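Encoded as structure tokens, the following chain is the form predicted alone, with no partner shown.
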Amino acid sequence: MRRLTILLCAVLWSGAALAQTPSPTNLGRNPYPQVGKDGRVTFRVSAPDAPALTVNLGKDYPMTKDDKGVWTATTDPQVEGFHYYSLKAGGLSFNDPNVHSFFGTGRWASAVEVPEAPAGAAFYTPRRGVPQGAVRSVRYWSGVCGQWRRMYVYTPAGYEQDASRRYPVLYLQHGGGEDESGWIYQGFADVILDNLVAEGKAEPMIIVMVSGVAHPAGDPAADAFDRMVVEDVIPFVDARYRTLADRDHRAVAGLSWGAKQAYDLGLGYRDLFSWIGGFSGIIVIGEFRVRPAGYEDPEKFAAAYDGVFADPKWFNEHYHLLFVANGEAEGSHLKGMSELLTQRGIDNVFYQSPRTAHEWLTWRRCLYQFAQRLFK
């Protein structure tokens, strides 16, 4: 239903007669929230007994109540893309009953999609006639964490038909406050890859998505994400799926906090990965700043990640891709990071999503660009 509403929204946006359309995230046929062509979002909630209601979408918008107990508010123009929001009453934040809930901001949250033009949305919109891959929710045992955990695994179209074919693997991480479901339900990673593969723009690949929150058994204050991926996740995936189990066919990428995790894995475990993508996240070398101090210190830079950058010629020969990306509205710090890497002799590719901020439309576009460069 969610993806069908995206298609419906694209059709409605093409009609000039309609000033507002329902958000693709609405439940069923609920007409609100509605999005105007100028990006303003109108919310309408029935709550006759509520003394006051507020919508928080970036900032608070007080709602106005009519004589039937229906509360309404319209926001300022919003940038196109996917935005979490909440309703507020009496100091309590809660979800909008009119829309689907998504795990984001550290909890299940409401969200609204401000659509871009249909041509721009085509790469993450399902299309008739395009062979579809499969997404599975898979439980696995983590010895590092001492618990059963869940991963989402995307296998490309045709995976079940040809039992002799093996595939490269992309390990793809969500951001802070989200979980392993984010790249499917908010990011449309499966649709993006289906469309790219059908167009011949990307190689068929397996995508593995796991929770970035991982603690060693018995120590909930410590982080064990890297160990969990290396000791539990990769061996499980290589044993269960038909993978090409070597560094030349293994990539890692992530968004925001997940970008930091991707850099830590990709640069810290050079025997496992040779393709790295960071979306809206920085490679921390030395002190963390908008312009990282460690990049300007040759000794700190050369020592980072056990010396992975010490010999730029070696790095460029052994890593197939270092991809750096963000949204235009996020600022220029990642472009600066890319330029500093280049000055240090480290080959990298920089991409910036036009107009977008620190949100899912940025990261859909980043994945679209990144996936086309993988395993070629």
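Numbers for residues come from their place in the sequence shown, where the first is 1. All values derive from a computational prediction rather than experimental measurement.
The same protein also has a form predicted in complex with a further copy of the same chain, omitted here; what follows describes it.
Note on the partner interface in the predicted bound form: the residue among K300, R150, R227, R247 having a heavy atom within 4.5 angstroms of a further copy of the same chain is R150. S93 is the sole member of S93, S211, T243, T74 with a non-hydrogen atom within 4.5 Å of a further copy of the same chain in the predicted bound form. Comment: 153-161 is the region of 272-280, 114-122, 258-266, 153-161 lying near a further copy of the same chain in the predicted bound form, near meaning a non-hydrogen atom within 4.5 Å. Interface residue remark: P48 is counted as part of the site for a further copy of the same chain in the predicted bound form, having a heavy atom within 4.5 Å.
At a distance threshold of 4.5 angstroms between non-hydrogen atoms, V284 is out of contact with a further copy of the same chain in the predicted bound form. The closest heavy atom approach of G81 to a further copy of the same chain in the predicted bound form falls outside 4.5 Å.
With a 4.5 Å cutoff on heavy atoms, A198 does not count as touching a further copy of the same chain in the predicted bound form; it lies far away.
In the predicted bound form, a further copy of the same chain lies beyond 4.5 angstroms of every heavy atom of every residue of 331-362.
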